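Take a look at this single chain in structure tokens; it is the form predicted on its own.
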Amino acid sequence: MKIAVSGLNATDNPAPGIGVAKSLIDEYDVIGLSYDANEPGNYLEITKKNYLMPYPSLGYEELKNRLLEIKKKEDIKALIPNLDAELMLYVKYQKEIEDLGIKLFIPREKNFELRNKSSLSSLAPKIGLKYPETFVVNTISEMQKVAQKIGYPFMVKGNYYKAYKVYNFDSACDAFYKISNEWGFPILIQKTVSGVEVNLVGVGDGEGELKGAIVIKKLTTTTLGKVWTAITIENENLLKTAKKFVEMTGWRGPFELECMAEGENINVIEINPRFPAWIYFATGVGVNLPKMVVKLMTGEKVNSNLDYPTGKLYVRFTDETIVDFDKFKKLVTNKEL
């Protein structure tokens, strides 16, 4: 069975695709979908073949036509999208994509909108979490008024993607323009909260059951906030929250809870509707969530797996590979490799 996987970046801002592919390659043929010929995952020989994709901003017709071209060559049966920028398109048109013969297992549109950062203030209390005070702004002057009210530092966030911690007005303006130029409006201003950063990755079956999950504590991160080292931990409160979240929403597919924990108090910072870049950590400790998603797609029975060893250390590292430049030229010219 051939499964397409997107998100092949593996730089200082890694995407989940490499970890998802590594979790599947012992049982499935993985086809890589890439938006840029420079993405390292195109050349690591983890995937059987790689295809360049049109940018999501070009809309559904371009996506559909490219998927049909790839399906004709590879007969892909399923697809796991892993990037925020593309997910809205896949969520909105998932029925149409499945009608092409390509299975998906992603959130329904109403749930995708529910976990928007601007909606989390109403969702968080319902699942037993707190949410830092957050303000929606559309202009610099509005942001300045919020800054006077809450003080520095605070977080400047896009509604779907990107976040910067700022310590003065100049850096706040810089973050405001960076996010709005790339992702549009609104911009969210959020009070910073103290505590330990803990994350949970899980998979919901679409019928209210949490099929698998692990909890980690971040130890070190990159300047972009991506996990560099982390450790598996037990956090019963966060696990209960995840179960409640999946039960209440009927969540379908992967998700990540990004939280700050201080004692019994847990503040949810974000809910990502996809696997995180550190997803291979879950596979490595015996909870293969990407395989669960594939089995749920195809209607196979999936046993719940919430049991994993604590005290396991995740270490990300840099590596190098050397390939012929012809591969890059072929990918750019032919849009496949």
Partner chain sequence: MQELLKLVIDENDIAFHPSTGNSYQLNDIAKEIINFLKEGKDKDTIIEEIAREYGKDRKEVYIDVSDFLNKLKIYGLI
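Numbering follows the first chain given and starts at 1. Bear in mind that the values here come from a model prediction, so they are computed numbers and not experimental data.
The following text describes the form predicted together with its partner chain, which does not appear among the structures shown.
Proximity of residue 310 to its partner chain in the model of the complex falls within the 4.5 Å heavy atom cutoff. In the model of the complex, none of the heavy atoms of residue 247 sits within 4.5 Å of a heavy atom of its partner chain. Within 4.5 Å of some heavy atom of its partner chain in the model of the complex lies at least one heavy atom of residue 231.
A residue is said to contact a partner when one of its heavy atoms sits within 4.5 Å of a partner heavy atom; residue 77 fails this definition for its partner chain in the model of the complex, lying far away. Residues within 4.5 angstroms of its partner chain in the model of the complex, judged by any non-hydrogen atom, belong to 231 to 239 and to none of the other stretches in 183 to 191, 231 to 239, 137 to 145, 121 to 129. Exactly one listed residue, out of 243, 71, 162, 217, brings a non-hydrogen atom to within 4.5 Å of its partner chain in the model of the complex: 217.
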